[in-house]
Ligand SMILES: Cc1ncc(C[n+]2csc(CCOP(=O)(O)OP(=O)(O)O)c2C)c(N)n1
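Form predicted alone, single chain, as structure tokens, below.
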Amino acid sequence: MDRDTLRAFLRDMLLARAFEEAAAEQYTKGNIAGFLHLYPGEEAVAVGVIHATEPSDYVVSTYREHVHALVRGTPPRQVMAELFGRRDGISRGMGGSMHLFDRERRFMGGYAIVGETYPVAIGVGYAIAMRGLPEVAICFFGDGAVNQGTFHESLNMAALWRLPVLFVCENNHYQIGTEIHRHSAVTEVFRRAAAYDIPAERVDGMDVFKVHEVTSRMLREIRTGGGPRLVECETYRLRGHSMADPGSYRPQIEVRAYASTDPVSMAVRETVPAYPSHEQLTVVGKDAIHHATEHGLGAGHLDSAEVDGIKSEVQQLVQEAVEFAQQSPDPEMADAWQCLHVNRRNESLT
């Protein structure tokens, strides 16, 4: 993997962590209302998968979609303004945390309803197939959504019509607060695809390089007419299900064990030379960027000065995003009518 790609991975993972921690802080200050589902711990999945896609591909996400939008290229200031419910947000302040939408970047939205991503991705995949284009619909979903009827219906249709859809399971082991072995008879999600003859495999979702490698191969297979694929990324969220969830149902020894394989730190270990010992590797809280960099291990393609530059860059972007959101005006009813008319004029995919 070339140096520029490694740098891009690290930059996006650090941006993702810094953005989400800033969002958590703004939530506690009362600047963000409603539900707020954060992504720390799962960055390797979004970065590894989306960096393997083409700009012409489509991304369909869940309610935990801030980082998906950021990695896809949506400006942090527009994402933060949307979380604030402001007019300059990517959905004009009318979607909030769970309903980001960026048509320009073919980010087809986050969806609050569990299991809602599947039929949307199937519709996009069908449109692509009808046009005969070398594009793919990327469908993110969590382990808690695999018992929904839409999961089975959509996989069946995708396989039957050989639709260009990549199903990406972000398996963080908990359906809100219920461990997967307590709600699913089959805990290895990728095995469920066998019922529909869809090639599938599991990958270490804490390792951005492995995620990218498997996703790149699957996307090549889909583009050459291989039909749908499913990849299960085994990951872990370091926070609760949402800001309203303290996560007390999880034993601390488990949280600490997964923190030791935090994807941000793993990426830093691959890119930053000569850092301290593994025992010092702890990446949680507001200073996650600092900890990830200063306590990363190993040798790689970037030096500490470059990493410090990336840290400064993302910190500046996040600070500007917060300030932009604070200064953005509230939406007005006229904006709702404008959005409605725009949607009516642009009913087809582009």
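One-based numbering along the sequence shown. All of these numbers come straight from a predicted model, not from anything done at the bench.
In what follows, reference is made to the form predicted in complex with the ligand, a form of this protein that is not presented.
J.: Which is the contacting stretch out of 159-167, 84-92, 137-145, 219-227, given heavy atoms within 4.5 Å of the ligand in the predicted complex?
T.: Going through the listed ranges, the match is 137-145.
J.: Taking 4.5 Å between heavy atoms as the contact cutoff, choose which of Y27, Y58, F324, Y63 touches the ligand in the predicted complex.
T.: Of Y27, Y58, F324, Y63, the residue with a heavy atom within 4.5 Å of the ligand in the predicted complex is Y63.
J.: Taking the ligand in the predicted complex as the reference, which of A112, M243, V186, A127 has a non-hydrogen atom within 4.5 Å?
T.: For this set of options, the contacting one is A112.
J.: Is Y236 close enough to the ligand in the predicted complex to count, meaning some heavy atom within 4.5 Å?
T.: No, Y236 stays farther than 4.5 Å from the ligand in the predicted complex.
J.: Would F101 show up as a contact with the ligand in the predicted complex if we use heavy atoms at 4.5 Å?
T.: No.
J.: In the predicted complex, is there a heavy atom of the ligand that lies within 4.5 Å of any heavy atom of F107, even though the partner is absent here?
T.: F107 lies outside the contact set for the ligand.
J.: At the 4.5 Å heavy atom threshold, is N172 in contact with the ligand in the predicted complex?
T.: Yes.
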